[in-house]
Ligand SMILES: C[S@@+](CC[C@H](N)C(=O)[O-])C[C@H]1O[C@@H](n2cnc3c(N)ncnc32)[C@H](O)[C@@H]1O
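First, one chain by itself in structure tokens, the form predicted on its own.
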Amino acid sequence: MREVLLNFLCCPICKGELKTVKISYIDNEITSGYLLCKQCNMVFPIENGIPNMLVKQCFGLKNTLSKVIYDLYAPIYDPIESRLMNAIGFSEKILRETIVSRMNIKNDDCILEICVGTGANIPFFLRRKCRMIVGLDISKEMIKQCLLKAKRLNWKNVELVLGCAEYLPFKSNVFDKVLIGGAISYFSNPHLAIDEAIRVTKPRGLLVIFEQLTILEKLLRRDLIPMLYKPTNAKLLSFEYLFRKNIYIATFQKMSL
């Protein structure tokens, strides 16, 4: 964790300013210590360079179940997901390039990916010369796999945070582009998650939501979630079904202040 990430972080509950306590460094990066909220005194540990910003409010039934599943799934996620996509009939590479292209990323943009998983989209962000990429996930094991990949591939300007979509530990209006990838149907509170994603997006910035549609999700019309919970301070720019309607992508733009 580089010190620059501290400029983006805040308390996920009260949104108060944080201060560092008993931090340790290796090669100019923070590896351990604590973040203390100056307003409500909540304490968040930093372990292996990853700030743990999870709070009890994160753990509704769906979020708790998702965390358990993805903690178990993390070590085999990459090869299994690639095979599943090929079985459905489309390439993972083409899918991720399509998603990232919809974000209209510019040089020096700051990107947040909610549900970053093992970081499969990050190489596509890096090709676009982002100033900073922040990946957040509720699963500690998924973040662990992403961190291992980041070190192995020597990713630059990538920061990882353990946290949940409904209580984002970031200040308002700090990211140029925000992506919620492949999980919004399984959030405990998707309405709050979308509101939080727009909150941390800069005015005129973009929020992109994509989701794979299984038979169950099609029957339950979960593709309507982005429209049902559209924030009042954002406008819908586009809504597309792709890959034989197995994927949807919704793009919102935050209104000016």
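Sequential numbering from 1, following the sequence displayed. Keep in mind that what you see is a predicted model, and the values were worked out from it rather than measured.
Form predicted together with the named molecule: not shown, discussed below.
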Sole residue of Cys164, Ile133, Val178, Cys146 within 4.5 Å of the named molecule in the predicted complex, by heavy atom:
Cys164
Although the named molecule is absent from this view, report whether Ala150 comes within 4.5 Å of it in the predicted complex, heavy atoms only.
no
Do Gly117 and the named molecule share at least one heavy atom pair within 4.5 Å in the predicted complex?
yes
Should Cys110 be classed as touching the named molecule in the predicted complex when contacts are defined as heavy atoms within 4.5 Å?
no
Arg96 versus the named molecule, in the predicted complex: is there a non-hydrogen atom within 4.5 Å?
yes
Given a 4.5 Å cut-off on heavy atoms, tell me which of 138-146, 169-177, 151-159, 102-110 is the interface stretch with the named molecule in the predicted complex.
138-146
In the predicted complex, which residues of 52-72 put a heavy atom within 4.5 Å of the named molecule?
Asn63, Ser66, Tyr70
